[in-house]
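Taking the form predicted on its own, here's one chain by itself in structure tokens.
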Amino acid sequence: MFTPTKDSALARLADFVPRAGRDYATLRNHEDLAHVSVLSPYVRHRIITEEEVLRAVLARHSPQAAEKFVQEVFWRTYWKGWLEMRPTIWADYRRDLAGALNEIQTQAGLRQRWEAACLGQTGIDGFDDWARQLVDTGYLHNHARMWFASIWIHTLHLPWVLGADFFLRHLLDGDAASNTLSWRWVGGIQTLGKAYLAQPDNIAKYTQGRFRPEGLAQSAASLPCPPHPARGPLPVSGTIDPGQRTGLVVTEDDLSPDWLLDKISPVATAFVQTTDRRSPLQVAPIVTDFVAGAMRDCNDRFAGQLGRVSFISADAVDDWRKAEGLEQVVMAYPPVGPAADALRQIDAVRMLRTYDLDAWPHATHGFFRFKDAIPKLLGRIKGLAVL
């Protein structure tokens, strides 16, 4: 379904733009992918950026006509900003996942139910199809993701962290913030006490009658709901010293480094893939291959501007820096998640995009408060012609 290149992302964007207004607003909840952009694998890795998507859509539609789609773009931004101010949520998820993985090694019944869910062998109409579709394609419609997570948590009574891990291992757009916080929301621990329950009639309506599962939970599972941690400070962008011999590190979180190449002329560039850090279990080859291909495409697109290019692991960055005689390493700031974990100890100037610097401070509470800032945020995007 997805070719990991910028050209493919732009072609998919151009195809979707005419449908980003009324069609998207009225039909986006239908499982038919014809009514959604299917751009998330590209946006997640910034093969194509949020700004590019918004410019293209708002060059064709008014902000009012494209309101629902614009909000969807900003949901991803909101989740990232919210988690940046509460990074212990990610650390807690990783800790609880390790505990749940230990439990499936010692509890045969739990292991069998978990394996059946991952393999699509539960006998639940729709759920099994979505499990197999995810494994086969690396993608699920957002509405199907909600139904799937609800059935996993509330009907199958499986630990939500195992479900979030299943998604991260298989989703091409697997993202620490969007994935973790969305699963928490379905479970009723993100918006405290407000869980999402999948309903057979809703599933039948939006799958055009393909699925109408029986026996779904009519009440939410009781999950521990600790209060959210206090908000911490947001990161600040680093300062580049133009007089130093500089190298560039490119991660899978930002594969459009042109904004950094406007500031530096690297003598060497290291592409550092950390896809394997998304889970303690094996990440699906379809995900690993997509990211590797996107990194090669990035190298091809910016050939001649990157200096000597290396493809290395996170553990090899220090050795690469010494071998290249670098006085300074610059990288796009990796948000809370696997790449940030892998590169935490690296001495580097971490640069934040203006888009993130503008938007993240508004992610203090719920999305509806964040939504009030969207018109102002659109006005700050360079080159955006708002009709």
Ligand SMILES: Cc1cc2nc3c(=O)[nH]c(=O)nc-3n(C[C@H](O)[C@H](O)[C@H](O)COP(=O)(O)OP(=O)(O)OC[C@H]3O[C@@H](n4cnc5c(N)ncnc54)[C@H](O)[C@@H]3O)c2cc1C
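From 1 onward, residues are counted along the sequence shown. None of these values were measured; they are calculated from a predicted model.
Keep in mind that the form predicted together with this ligand is not shown, yet the notes after this line are about it.
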{"property": "Non-hydrogen atom contact residue 174 with this ligand in the predicted bound form at 4.5 angstroms", "result": "yes"}
{"property": "Contact of residue 149 with this ligand in the predicted bound form (heavy atom, 4.5 Å)", "result": "yes"}
{"property": "Non-hydrogen atom contact residue 37 with this ligand in the predicted bound form at 4.5 angstroms", "result": "yes"}
{"property": "4.5 Å heavy atom contact, residue 140 to this ligand in the predicted bound form", "result": "yes"}
{"property": "Candidate stretches 132 to 140, 241 to 249, 313 to 321, 262 to 270, one within 4.5 Å of this ligand in the predicted bound form by heavy atom", "result": "132 to 140"}
{"property": "Contacting member of 72, 84, 254, 297, with respect to this ligand in the predicted bound form [4.5 Å, heavy atom]", "result": "72"}
{"property": "Option touching this ligand, based on a heavy atom within 4.5 Å in the predicted bound form, out of 301, 308, 76, 113", "result": "76"}
{"property": "Candidate site 160, 275 and 290: all three near this ligand in the predicted bound form by heavy atom within 4.5 Å", "result": "no"}
